[in-house]
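Just one chain follows, in the form predicted on its own, and it is written as structure tokens.
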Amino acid sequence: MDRIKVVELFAGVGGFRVGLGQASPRYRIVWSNQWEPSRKKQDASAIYVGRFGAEGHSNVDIATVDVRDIPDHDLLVGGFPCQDYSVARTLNQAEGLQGKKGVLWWEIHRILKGKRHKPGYILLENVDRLLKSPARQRGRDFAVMLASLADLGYVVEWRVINAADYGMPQRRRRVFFMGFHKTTPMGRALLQDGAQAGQWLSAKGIFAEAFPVRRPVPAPSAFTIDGDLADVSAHFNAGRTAAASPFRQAGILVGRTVRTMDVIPDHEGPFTVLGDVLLPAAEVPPEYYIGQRHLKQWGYLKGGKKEVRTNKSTGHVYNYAEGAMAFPDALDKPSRTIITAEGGPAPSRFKHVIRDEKGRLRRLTPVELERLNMFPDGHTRGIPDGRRAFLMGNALVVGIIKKAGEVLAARIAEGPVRGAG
């Protein structure tokens, strides 16, 4: 069996690894990196090593890793932070362009650019606001990323996917994008016949097969991303402060030409809801239950508000308003998005609260948070519960990677794993 060699960047507790492992035995992680800046205890890395072993795992700042120390691989995966991805010309022009320091996208770019044998495939994840950032130049960041991948020889498709739309237990919207190098069968086919691009978004693409959309679909809009990366950074959608991003929920970049459109999910299978992941009351530790004396504060934070507030530092008085949230959370629907502040007993507007079968209110346990992200039970055990919740707030829904990985492995099986590289 021809293995698909994978490098996992910004690995967290191994969401991509778990999903790909469930998708196909062909995927083999040959190298991974996880580093939490400014933290003495590297909890995520420790969990990763505890679950998968230390072989091929790196727990150092990725910016310090020499590209030559990263094994050649077929698929590069990772979920990276949403930051400012602008780029500028270097002062001496010796290397032409320089991304902002400390921005992890440019580490992905550095690795792809530095590998003589480039990975044939890329699968990356980010928050969906990436498609419309920054606020004063909508879509610029994504345009810079797409242009940089095109310049490295990749065709790129993307989809905004809400896991709950496809039967998964959490409402979590993220943008996933997949690149095919021009030396791979899929990359070559798309570059040779650009007319396939629209069909790729609606039916033929990896995401279209893994996550079907309702048909007929609208005709995609098309535009080009012109100029070198510094030009794109400076001028893409500039001077139009009220303009929306031109990038829609689905799209594909072939060369420097973008085709993009909105799509409607079409899922006919079962749906998992919050109530399906809950532990029996007997297995929930007492500290997760909300005592009577804290209910008023929980109710205030979850409730709607119209009140006058004063800024403590400036003394500015202003009117504040926000709508009510479900309290407790509905058990017959997918959960709200898990956030990093989910852990701990302190009352909060955004933490999940459920009513159990005995009528008592409680927070979610780490195992239930793992289940909402479709990890195996106990995947994050061994560290404090608050940190377990934080790491689940940072994680992705494993089922998305499983479904995309299944389709990708099947497509790769139709031809060679690697292109000419």
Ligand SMILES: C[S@@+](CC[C@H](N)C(=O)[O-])C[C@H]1O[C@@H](n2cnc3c(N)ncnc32)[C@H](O)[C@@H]1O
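These numbers come from a predicted model, not from an experiment. All residue numbers refer to positions in the sequence shown, first residue = 1.
One more form of this protein, predicted in complex with the ligand, exists but is not displayed; see below.
- Distance criterion of 4.5 Å from any heavy atom to the ligand in the predicted bound form singles out Leu104 from the list Ala208, Leu104, Ala150, Ile339.
- Proximity to the ligand in the predicted bound form, taken as a non-hydrogen atom within 4.5 angstroms, holds for one residue of Ala389, Ile47, Ala395, Leu364, which is Ala395.
- Of the candidate stretches 260-268, 325-333, 72-80, 273-281, only 72-80 has residues whose heavy atoms lie within 4.5 Å of the ligand in the predicted bound form.
- Not displayed here, the ligand is approached by Gln34 to within 4.5 Å at the level of heavy atoms in the predicted bound form.
- Heavy atoms of Ala11 reach within 4.5 Å of the ligand in the predicted bound form, making it an interface residue.
- Remark: Val353 does not count among the residues lining the ligand in the predicted bound form, judged by a heavy atom distance of 4.5 Å or less.
- Although the partner is absent here, Tyr27 sits far enough away that none of its heavy atoms falls within 4.5 Å of the ligand in the predicted bound form.
- Using a 4.5 Å cut-off on any heavy atom, the one residue of 343-380 that reaches the ligand in the predicted bound form is Phe375.
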